[in-house]
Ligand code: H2U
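Only one chain is shown below, in structure tokens, and it's the form predicted on its own.
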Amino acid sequence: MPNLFTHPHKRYNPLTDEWVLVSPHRLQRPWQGKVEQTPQDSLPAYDPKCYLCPGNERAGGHRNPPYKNVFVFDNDFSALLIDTPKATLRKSKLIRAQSEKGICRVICYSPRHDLTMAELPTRDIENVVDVWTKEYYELCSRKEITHVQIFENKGAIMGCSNPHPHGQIWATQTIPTEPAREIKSQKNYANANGGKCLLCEYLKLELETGERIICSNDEWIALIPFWAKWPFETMVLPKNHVKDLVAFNNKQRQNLADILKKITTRYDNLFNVSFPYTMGLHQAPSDYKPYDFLHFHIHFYPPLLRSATVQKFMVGFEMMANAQRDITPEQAAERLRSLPEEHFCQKCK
């Protein structure tokens, strides 16, 4: 029998109930694109023109305090409004709309303009995790909020217009599409398998071989999912079953900061560049329903493929049929696993 993983094949994603096409033989084709490293941006520790730096005026007219740690504020140009009036439109089963209340916040990870998560001290990342937890708890306690999405867009090619290290929180009245799909899949798996957790069972399988694991510590695992869409997509999972940030103990929060430092540093070291990505936390909603089956996890979706200047696009077949990738998850994990945990910029200092 031929080796399945050296030929075109499909892999199933049980979290979203979809398939991804893997075409490993395509890596053998000649590459005519330009492959080069881009110079690391040299940013100042403070930028007087940055609307996220301490003491500066924001685009909406508010002035930031001279903050010394993590700083959170309501987005001046929020995509959601908490005072949105209730309204619906239903002309048929096919023409429907409804209003959506919500809150959008910005989290500045540090007063330093020039340090991304990969370059922040681990203790500073612990502060970010603590603020995530506090914001999640506070927003979940509001009666208008059902779901809290914490995420970060890093890099201009991911639509980030400001290099100051920051993330966002969008708290919504209803559960958005992607989390809803994952919640449904995890619930269905638990119902069909005697209450077992889908991601706990999946993690057991990954630990048996270790071939897709990138790094780990006492509480967390960072791995390339078997069904990953993006070339260097990563999922970060707690080793123990936990459904949300509030359920973490101090050791789990500290170790989460450690694993985030490890994976983001490896990303930067891959192509010696500040590595772009979209990162997001998936955890329990706040609609007071039982979510014992749900396993907290973090997704990293980075777009780079072959170098700092060659990125992966979801086009053609991927947009019209289903996702496709060339480099296998096993190959991607091996590349990231082999990288040092010391940030490449440290060697220049």
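Quick note: we count residues from 1 along the sequence shown, nothing fancier. Note that the structure is a prediction, hence the values are computed from the model and not measured.
Not on display, but discussed next: the form predicted together with 5,6-dihydrouridine-5'-monophosphate (H2U).
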Contact flag, C160 vs 5,6-dihydrouridine-5'-monophosphate (H2U) in the predicted complex, heavy atom cut 4.5 Å: yes
With a cut-off of 4.5 Å between heavy atoms, is E144 one of the residues that contacts 5,6-dihydrouridine-5'-monophosphate (H2U) in the predicted complex? no
Though only this chain appears here, would A59 touch 5,6-dihydrouridine-5'-monophosphate (H2U) in the predicted complex if you measure heavy atom gaps against 4.5 Å? yes
Using a 4.5 angstroms cut-off on non-hydrogen atoms, would Y137 count as touching 5,6-dihydrouridine-5'-monophosphate (H2U) in the predicted complex? no
Counting heavy atoms only and using a 4.5 Å cut-off, do A190, N240 and F293 all touch 5,6-dihydrouridine-5'-monophosphate (H2U) in the predicted complex? no
The listed residue (D114, E201, D76, E178) that reaches within 4.5 Å of 5,6-dihydrouridine-5'-monophosphate (H2U) in the predicted complex by any heavy atom is D76
Using heavy atoms only and a 4.5 Å cut-off, determine which of Q252, T172, N153, S216 is in contact with 5,6-dihydrouridine-5'-monophosphate (H2U) in the predicted complex. N153
Name the stretch, out of 227-235, 192-200, 162-170, 262-270, where some heavy atom lies within 4.5 Å of 5,6-dihydrouridine-5'-monophosphate (H2U) in the predicted complex. 162-170
Just give me the residues of 95-115, first to last, that have a heavy atom within 4.5 Å of 5,6-dihydrouridine-5'-monophosphate (H2U) in the predicted complex. V106
